[in-house]
Structure formats: C-alpha cells, structure tokens
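One chain follows as structure tokens, the form predicted on its own.
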C-alpha cells in the first residue's frame, strides 16, 4: 500500500475509534498522538539526516511558552500562537543548525550541544518572572474552539491527531522528493554527499528547521490540554530522550517507525505507572532499557523493520 493511502487509512481508523474510548483511553490517545508527532519530528533530523539530537524539548517548550505567553499577556488566539510556534521552532532549528553545522560539529558533539541548549533554556526560563519562572504558567479554563480548549478529551484527541497527521504528511513528502535523498546521502556518508555536489551544511540546516517547526507545533496543543506548563515539563531532558527512544525502538529513519514505537511504549509506560505507582518509581525507565536492548539485538531496524520483513515473507 502506498504511504499516503496507508496514512489516510490509519488516521481514519483512529478518528473513528476515538469516540468509543473511555476517558482514560482518550487520555492515552492524546499522549500517543502528541509524543508520536514529536518522535516523527525528531526522526527527520535524527533518523533521516543522521544527526542525533538530545535537545528536541527545546522546540516543544519554545512553542508551548510562546503560545501560552501571547495568550495570557496579550490575548492572542492560541490558533495564531500555534502558527507562530511553528515559525519559532523552525527559526530556532535553522539558527542552531547553522551555528553548529558550519563548524562541522556532528555525532556526539552535536548531541551534547543540543542537550546543552535545551538545559540552558530550561534554566533561563526558570528565572524569568514574566514567564512564571520555576512556578510555570497556568492557563484559565475557558472551553471554546477559539481558545483551543474543549469540554471533553475527545476534542483534544482530534487536535492531537491533526498535529500527528501534519508531521506524518511532511515525512512522506520528504521521502518522495529530492530532499529525502539529500538527507539519506548526508546520513550515509557526508564526504561522498559533498563530492556529489550536495551542500551538506544546507541540507542539515533544512532538516533541523523542519524538525524544529514540527516539534514546536506540539507545544501549544500540550499546553492547552494540561492547562499548565513549567520549565521542567516542556524543556526537560526526559521529553528529548523519549523522542529518541521511540524512534530507535520503532525504526530509525523509517516512515512510521517512530509512531509505531510510540504506540507501543507510551501505553506500556502509563500501564506500568498505574500498576506500580508508589512502589517501584522509575520502573518504566528500566523497561525502556530492556526493550531497547532487545530491539537492538533482535531487530536492528526496529519494530517497523520487523513488521516489514514479516509482511515481505508473507507475500513471498
């Protein structure tokens, strides 16, 4: 099945399924969609272009704080904030990419720089009183479509699903255009790519900009869903690590592997937290580690690769 048709079928199925879920099930649905969108955004830079980022929380947090601050301080509609968040995320990604890549930093050095930027932003925001400092920002509950707030979780299901759909469509379009081959060439061998006439720095900057813009889209939706944000929740390293893990477990660089990893790991995490809350804190991190080791050992191409191989064998 063609990727766009497959995506349309999956989105239609999820949209039809959402109304029949329990309230807790719809909560899991929202988390899966939002984390899936972040994982797909990370996959553009980390999987397709091969630049391992440990700071994607920077973009999510920037989008969340920009939209929330504009709404609370100036009364700007969250819908406008959503667009501005994507622009800010793209600008931050391009600026970060140009600053780092033109100095030929890559691999572990790039990962450390992105981690440092996210942590630095966390501490800066934690000390800015206009942004609530460490106490964060609370959004008043005013359910209406204009405020990007809904009276039930079902509305948030569809809002999160819309962001996930945008991220997935961008991934598919990149895969089908020359840009996708540019990213692939850079990931496989930068020197060979440069020898073929590819502007490696420009390619990486574009990947960082697209990735940052898509990740920033998640911020306003998340902020209006929980009605509260603080520096640790949206800039913390946990979010960045989760995006990386979902992509690795699902299938690094694949079309929908990161989403598959999210579908498996997010419900599993919530289930473990519910069953073992107060008794074994952090058990989900241990489970993440075990799953990651097993996937890397038994399915180096991730769950998506495992699924693709199984389908190919069945067809044969």
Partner chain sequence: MSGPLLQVRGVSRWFGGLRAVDEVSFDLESHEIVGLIGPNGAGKTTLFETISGVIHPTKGAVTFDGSDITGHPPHRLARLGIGRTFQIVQPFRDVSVLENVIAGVLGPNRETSDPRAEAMAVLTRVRLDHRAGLLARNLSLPEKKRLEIARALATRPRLLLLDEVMAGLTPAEIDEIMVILADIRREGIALLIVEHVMRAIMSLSDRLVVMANGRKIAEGLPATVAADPAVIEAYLGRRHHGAA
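Just so we're clear, the structure is a prediction, and the values are computed from it rather than from any experiment. Positions refer to the first chain, counted from 1.
Below, we refer to the form predicted in complex with its partner chain, which is not included among the displayed structures.
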Original post:
Does residue 131 reach its partner chain in the predicted bound form, with heavy atoms at most 4.5 Å apart?
Top reply: no
**OP:** Consider residue 74 of the chain shown here, and say whether it contacts its partner chain in the predicted bound form, taking contact as heavy atoms within 4.5 Å.
**Re:** no
Original post:
Taking 4.5 angstroms as the cut-off for heavy atoms, does residue 109 touch its partner chain in the predicted bound form?
Top reply: no
Original post:
So, in the predicted bound form, is residue 146 in contact with its partner chain at a 4.5 angstroms heavy atom limit?
Top reply: no
**OP:** Please determine, with the chain shown alone, which of 162-170, 188-196, 204-212, 81-89 has non-hydrogen atoms within 4.5 Å of its partner chain in the predicted bound form.
**Re:** 188-196
Subject >> Interface residue in the predicted bound form among 95, 105, 184, 116, criterion: non-hydrogen atom within 4.5 angstroms of its partner chain >> reply: 184
**OP:** Note that its partner chain is not shown here; using its position in the predicted bound form, name the residues of 115-140 with a heavy atom within 4.5 Å of it, in sequence order.
**Re:** none
